[in-house]
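Given as structure tokens, the chain that follows is alone and in the form predicted alone.
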Amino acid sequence: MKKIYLIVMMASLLASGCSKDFLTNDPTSILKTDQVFGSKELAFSALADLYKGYVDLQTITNWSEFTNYDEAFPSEAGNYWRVQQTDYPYDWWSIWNYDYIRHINIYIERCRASKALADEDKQRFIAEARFLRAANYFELVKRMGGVPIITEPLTYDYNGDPSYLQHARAKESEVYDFVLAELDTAQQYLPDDAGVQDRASKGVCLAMQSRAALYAASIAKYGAMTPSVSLPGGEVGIPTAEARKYYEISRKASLTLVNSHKYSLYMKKPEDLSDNFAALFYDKSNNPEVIFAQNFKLKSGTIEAWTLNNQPRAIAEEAQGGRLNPTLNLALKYETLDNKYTPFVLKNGADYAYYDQETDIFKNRDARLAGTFILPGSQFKGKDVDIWAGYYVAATGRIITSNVFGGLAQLPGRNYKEKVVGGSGPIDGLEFGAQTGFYVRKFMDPATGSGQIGTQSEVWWVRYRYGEVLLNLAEAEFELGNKDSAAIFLNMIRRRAGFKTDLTPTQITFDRIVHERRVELAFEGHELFDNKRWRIAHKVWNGQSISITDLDNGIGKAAAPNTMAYGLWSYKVYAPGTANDGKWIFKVVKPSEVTAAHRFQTGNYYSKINQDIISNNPKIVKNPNQ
């Protein structure tokens, strides 16, 4: 990367015409290295390009990735295969993006060599580049295990022998150590300012250390449960004896951030804790919880389509939406406010349980349920979402519905047609509607226009937030044997969700730690990597079909199988002249497109390294069980 091409203006080049000096003149539309690193503004522009290379697996710009596991169902025909595929391919989640690392290394080298930039600017820019490199190595080690650690630009000298460019994989623990050390260095030169949320700061370095060390610790402790998931050279697997060290590093980073008092849990809407939880993810004004986010801005070419893709169909601003449907599997995890894992009540003896209002079945539950889901009977953007599956004719048990959104039919005893299904569904097999009975609320933008193709949204993608740091701290304290402290930090999160009675230290278990992360961090990209580091992914996605009874019995159990997406549909009761007329009943459904049970094999714990990489570098060893 001798030259960084910021702007290429071919039109002006062509307009200059041809002359005999054309091939020897310096181009006027290309900036040379010394020009880029001779200007603070241009050096920052080049750094901004590096930020664009930050890698996420699940984000709000690729909604379908959230439907691969058990949090959501894909209500789009082109993505039904995600719930019809049993095995996860070994190369899923694979990355080997050394081109990006090379760009970062070149940036650091050139920035360091610059004599024009002020020392203060150089230090910050280099620290940001090192943060981005650490973030990328963290992503690599999560997916691939140990990888070559390259910190200098490598250049082929065309001597016919590329062996000096071929580096072996580092141990998995060495990559984690590298990430943690780089973050230690970078934070010394980054602003200690909670207002810096879309660039690197000291806060995000600590938050990433909190998470990365927790991952390393978990692999060291729980890796013993899957002994075949290891390599003799340490490229995969971390010795059990290392677990405590990493838990302590995670605990220290989390405590440093907590004791800085620069961040806090979002509580701008205490009068409605579900609204408060939803607002945490779209409120970009002095948000005290967000530590690091990918930002978007309207009318700037950096917008995102999460709301456009997932808005309730009945109130959509365009003929778009309804793609990502949260599952009943996830909804069941939200406790009742008496701290109990309670399945939804569908029956009263042999009869259905009848509810006066459609929302009544969800009452007195963890506020995060209605903050994460758009529930039947609720509103979005001040409008009724209109989710109901049809009429239940009590006298006969017959269901009257339609196969189109808001479709019409005639009820018994009436001589006219009327609406018999919600404008947002659910209708089995009809894409872009709530086939599980739910829409997603987390990250949804309530602003007018966010559901329009021509406008869309500038809601940010939150990569690190204070709430996760508290959960990391609770888990580290639990694993270090400090249950009293673990309870304190876990209860801070739960009080915000509306729980009045704290959990006691004796109630803090591994299952409880796992449960709290699943409900707090749903749709934030944690589920896959959490289940991998705890070495329970092959148990949760074991390839076995499950029933609703299995789901009910598995609430609160970390390793309970969760392989198939289920939904919960509401029906309006038609029983003229009886007390139940106009009330609501609910039925569990499994969308007919769900035909396979997910299976995560031991070979999935670390993604496959493609053969072309191994052919080009014989020092690279394969990952196990593939």
Partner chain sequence: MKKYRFLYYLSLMGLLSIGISSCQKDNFEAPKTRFTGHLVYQGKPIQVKNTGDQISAVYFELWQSGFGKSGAINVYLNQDGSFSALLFNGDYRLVIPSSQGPFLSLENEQTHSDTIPLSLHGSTDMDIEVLPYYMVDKADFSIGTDSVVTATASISKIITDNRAKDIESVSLYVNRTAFVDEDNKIAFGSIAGSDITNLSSIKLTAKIPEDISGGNIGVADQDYFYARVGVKISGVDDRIFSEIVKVQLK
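Here the structure is a predicted model, which means the values were calculated and not measured. Numbering follows the first chain given and starts at 1.
What comes next is about the form predicted in complex with the partner chain, which is not displayed.
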message = If contact means a heavy atom within 4.5 Å, which one of 79 to 87, 361 to 369, 206 to 214, 186 to 194 is the stretch that engages the partner chain in the model of the complex?
response = 79 to 87
message = Since only the chain is shown here, I'm wondering whether Gln601 would be in contact with the partner chain in the model of the complex (any heavy atom pair within 4.5 Å).
response = yes
ask   = in the model of the complex, does Gln357 have a heavy atom within 4.5 Å of the partner chain?
value = no
message = At 4.5 Å between heavy atoms, is Gln544 in contact with the partner chain in the model of the complex?
response = yes
Partner proximity in the model of the complex: Asn286 to the partner chain, non-hydrogen atom cutoff 4.5 Å = no
message = Which residue, Ser228, Ser300, Thr155, Asn159, is the contact with the partner chain in the model of the complex, using a 4.5 Å heavy atom cutoff?
response = Ser228
inquiry  = For the stretch 240 to 276, I need every residue with any heavy atom inside 4.5 Å of the partner chain in the model of the complex, listed N to C.
reply    = none
